[in-house]
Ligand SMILES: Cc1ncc(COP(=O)(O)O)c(C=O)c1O
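A single chain, nothing else alongside it, follows as structure tokens in the form predicted alone.
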């Protein structure tokens, strides 16, 4: 009988588990972030992901008792933690509790839901609005429910994951046009629109990875000419674009009813959680009675609805917050250029990448800045295309010019050091990346 080597049984068992229906090791190994973390660990880089913050993340944050300048917060307007919101949430919690208790369709409806939806319908000058418990689910469930196999979805090449997943779920034909390229969109519409019953164009008000803005007036012209619907995802443009933060329609001075669906999350400028679709009443009613992510999900907690409505009220009452955000964002882009840093296509509105083009470089830069008291996340594949890796800076109205100078001075100093270190690691360990 052949004798097994010591540990061979364990290896065989592990291999069997790996290949079984319940084994996720092989699947996990395909995750790009997993590979980056594994490679970094071999080289002494600390894992930058899932760090636990000790308090609300504002322009600064606290991790393990240490304060950091924070460029990884969605709190664009510096409203999160506002005392008026805390008071509103407290009142709502006392009256309604912390859960809607059911799907809104069958017992979870509360006044804060209706007040929030009315407020956003009024903001966009449209008839109605539906609030989902999740921003991601708002896109997935809306697109997945509205479109079918006879239809088509034309989406920007850098559309958010939630939009892509919703398009896939719908079963509609999907056409991805070149990022922010209306000529590419028009060519696709010309070639493919006639093959489908209904068509939807999908774009974002401000792109979450690049910080640039689409040519919305031209997209509206194309949607009318080719008889399409249009969805604009304002997750990062609500509270950011326009003199009072009303978003892309205010920025461009367009009629908001020219867009069929205004979508936004409530987790950024509204400092809550969830998402909404605002548009015609018949569309909203159709979603409320049929969209799976609404019908079969518990309603948004009333306390969150109350918090978001109050945040919107503060934004409209204090437009200086929007101006501060825009001013400091523009300063960031200008100062980055002075330091010779590449901010890609960013136009200076809340989201600004610093392009580095390499996943290891992005990870090690993030780590080096963290050691210097600056918290900013690396963004790599699959969140962005390979070779377009970056550090993504979220800017807040609470950031000062000193915060920006400190961060970008440090980045400019660390970049050549980290480039040299990564090159040395690759020379010494040429198979390092394949080991992940």
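Positions refer to the first chain, counted from 1. Quick caveat: nothing in here was measured; it's all calculated off a predicted structure.
Not pictured, yet referred to below: the form predicted in complex with this ligand.
S.K.: So in the predicted complex, are 74, 208 and 265 all sitting within 4.5 Å of this ligand, heavy atoms only?
M.R.: Every residue of the spot touches this ligand in the predicted complex.
S.K.: Within a 4.5 Å heavy atom cut-off, is residue 359 in contact with this ligand in the predicted complex?
M.R.: Result no; residue 359 lies far from this ligand in the predicted complex.
S.K.: Would residue 136 count as a contact of this ligand in the predicted complex, using a 4.5 angstroms cut-off between non-hydrogen atoms?
M.R.: Looking in the predicted complex, residue contacts with this ligand include residue 136, since a heavy atom lies within 4.5 Å.
S.K.: Give a yes or no for residue 162: in the predicted complex, does one of its heavy atoms lie within 4.5 Å of a heavy atom belonging to this ligand?
M.R.: Yes - in the predicted complex, heavy atoms of residue 162 and this ligand come within 4.5 Å of each other.
S.K.: May I ask you to state whether residue 235 is within 4.5 Å of this ligand in the predicted complex, using heavy atom distances?
M.R.: Yes, residue 235 lies within 4.5 Å of this ligand in the predicted complex.
S.K.: Identify, from the list 245, 144, 274, 293, the residue with a heavy atom within 4.5 Å of this ligand in the predicted complex.
M.R.: In short, 274.
S.K.: So if I measure heavy atom distances to this ligand in the predicted complex, which of the stretches 254-262, 103-111, 200-208, 179-187 falls within 4.5 Å?
M.R.: In short, 200-208.
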